[in-house]
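Given next, in structure tokens, is a single chain: the form predicted on its own.
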């Protein structure tokens, strides 16, 4: 009879054989498809997750903690709090900053400035915590929050700023940090699109009081779903650990303080705050530990693709505006973003339809101008300025994938489809 070790080896070898036979996501000239994303995970990650299933140890535990430490150590944070999605990471970060337990935090009614070009779950946690989003315009070159508009928007109730490095492009952090320090504003960094991005050789997410990242399937690396909050603030990290799971103390690092404070209550079920259930699973932690060493390579592939495409498509600057890498920034290029100029002899949807017909998948650039989304009408918020640049991106912008399985042949194919379309519209 085979031993458990022998059986497990057979399982692993079967998964490896299956993936080798079935998982070929490289671009093929004979059947060209450029998807928005292809999987970053394979047999190694599947086996790591499967091992958790086979041991039956699947709820948050040692593997999640190991990944939190690995991620934090890689980029230099003292604390990482993994959770079940990037959106949950935003919720957890904002809820902790706005919690009554947090010193010098946010309180209901406080205003938090956000960029108009953002994702819905950048804004919703603010609303859900009783805060007031203040929406400002972007820099049309970088697509990130415009520091001048940020400072213009500061009012008597403004207490925070939540920034988004759009498509992995770092924000203008020198200016933003200066504003936050001078005006005593709390800085929250929603870096869910920006894994592996740096500003002035410092990782994004390292400039504010708390940063968030996402490990969704289509992001730079994945735990399928998943996210993490990162901070150097021990008390804030402890609050996030409490809020992440029911409001109990089970995952905090300093249990002794709470047990001493409430000796009459069993510590296994000691609830000291409000809470959610935003826990990650052991499967996610195990996958993250396998994926993380591969992240730098994935980012390099995206950067190479962005440079190559900018070189070939840059000649069409008369009809396109391209996202520019922020000075001092090192973008991780979540996707390749283009805005069709207003005077171009075609509409953005015509180009998107043409690319889709050629099996090049496209998408709008995040939420566009979030202030124009109908859901915003339901909740208190403030808009500063006319948000012209964010609206231009919403009305005339799109993106396509430049992930690790896009190679030089795929880039040539994309460029050729652009040429054919522009030739048909009399641009070239």
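Numbering follows the first chain given and starts at 1. Note that this is a predicted model, so its numbers are computed, not measured.
Same protein, other form: the form predicted in complex with a small molecule, not shown, and the subject of what follows.
None of 86, 196, 160, 211 but one reaches within 4.5 angstroms of the small molecule in the predicted bound form through a heavy atom, and that residue is 86. Shown without its partner, this chain lists 124, 276, 346, 216 as candidates; in the predicted bound form, only 216 has a non-hydrogen atom within 4.5 angstroms of the small molecule. Using a 4.5 angstroms threshold between heavy atoms, residue 93 stays clear of the small molecule in the predicted bound form. The small molecule in the predicted bound form comes within 4.5 Å of no heavy atom belonging to residue 320.
By the criterion of a heavy atom within 4.5 Å, residue 119 is counted among the residues contacting the small molecule in the predicted bound form. Within 4.5 Å of some heavy atom of the small molecule in the predicted bound form lies at least one heavy atom of residue 226.
You can rule out all but one of 256-264, 146-154, 185-193, 129-137: in the predicted bound form, only 185-193 has residues with a heavy atom within 4.5 Å of the small molecule.
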